[in-house]
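Encoded as structure tokens, the following chain is the form predicted on its own, with no partner shown.
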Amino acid sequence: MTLEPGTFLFEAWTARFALMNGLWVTMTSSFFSIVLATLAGLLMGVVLSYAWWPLRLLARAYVDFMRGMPVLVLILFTYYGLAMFRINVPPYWAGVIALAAFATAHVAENLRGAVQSVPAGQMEAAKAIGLNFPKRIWYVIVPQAVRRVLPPWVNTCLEIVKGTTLLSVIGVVELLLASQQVIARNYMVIDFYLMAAMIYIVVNFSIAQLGALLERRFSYIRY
């Protein structure tokens, strides 16, 4: 293969900045969504497990509602629906908020299951040595639950990366839309879609390997 005009390499090189910008948007939006969903999901998972029952009821309603909501509908509502209430959110951040809100419900439910799988004696033992509730959760319960929550958390991260492809409906030029714009100029449909698919596979494979590394890191935890 050469860099002669009309070849795939030539077209890919010509469009390199557009494709790299699209990849950057995909990576950053995924990163922010994962971080927000993880932090919010940790808090909500604890609420689902230990909070006062009205708070648990509210958290359960949120989790069930979000898990049943199509991601595309949530993205459209975050961008267009909030504008109806004079809340104007830029397309990029509307997409991040929507993906994070969706993933938060999954992280929270996964953490709830992991936390409740920790033997009740662990909480009682932590209380017996004088730890207050936040310390019992942070230093005793969460470290034991994290190993079980890691595999579904990795799956949620992979879904977020794939979910960024839906941000194009509100005008966010992520990797897939950038590839489509390049295809519209050169009509190399198969070539550029295959390239985009391979990039997504590499990104998700890297996340999966990171998850496997974290699982090995916490493999010493047994109960």
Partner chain sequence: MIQYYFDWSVIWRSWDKFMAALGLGLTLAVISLAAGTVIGLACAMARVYGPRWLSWPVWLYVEFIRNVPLLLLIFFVYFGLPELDISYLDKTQSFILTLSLYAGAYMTEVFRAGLASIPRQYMEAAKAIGMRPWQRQRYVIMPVMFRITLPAFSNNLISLFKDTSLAAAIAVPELTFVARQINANTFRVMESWLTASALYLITCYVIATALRLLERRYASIR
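Residue numbers count along the first chain shown, from 1. The shown structure was predicted, so the numbers you read here are calculated from the model rather than taken from an experiment.
The following text describes the form predicted together with its partner chain, which does not appear among the structures shown.
For the candidate set 197, 39, 51, 57, a heavy atom within 4.5 Å of its partner chain in the predicted bound form is found for exactly one residue, namely 197. Screening 27, 69, 35, 43 for any heavy atom within 4.5 Å of its partner chain in the predicted bound form leaves a single hit, 69. Proximity of residue 185 to its partner chain in the predicted bound form falls outside the 4.5 Å heavy atom cutoff. Heavy atoms of residue 151 never reach within 4.5 Å of its partner chain in the predicted bound form, leaving it off the interface. At a distance threshold of 4.5 angstroms between non-hydrogen atoms, residue 93 is out of contact with its partner chain in the predicted bound form. Within this chain, residue 73 lines the site of its partner chain in the predicted bound form, having a heavy atom no more than 4.5 Å away.
Of all the residues from 172-210, those having a non-hydrogen atom no more than 4.5 Å from its partner chain in the predicted bound form are 176, 180, 187, 189, 190, 193, 194, 196, 197, 198, 200, 201, 204, 205.
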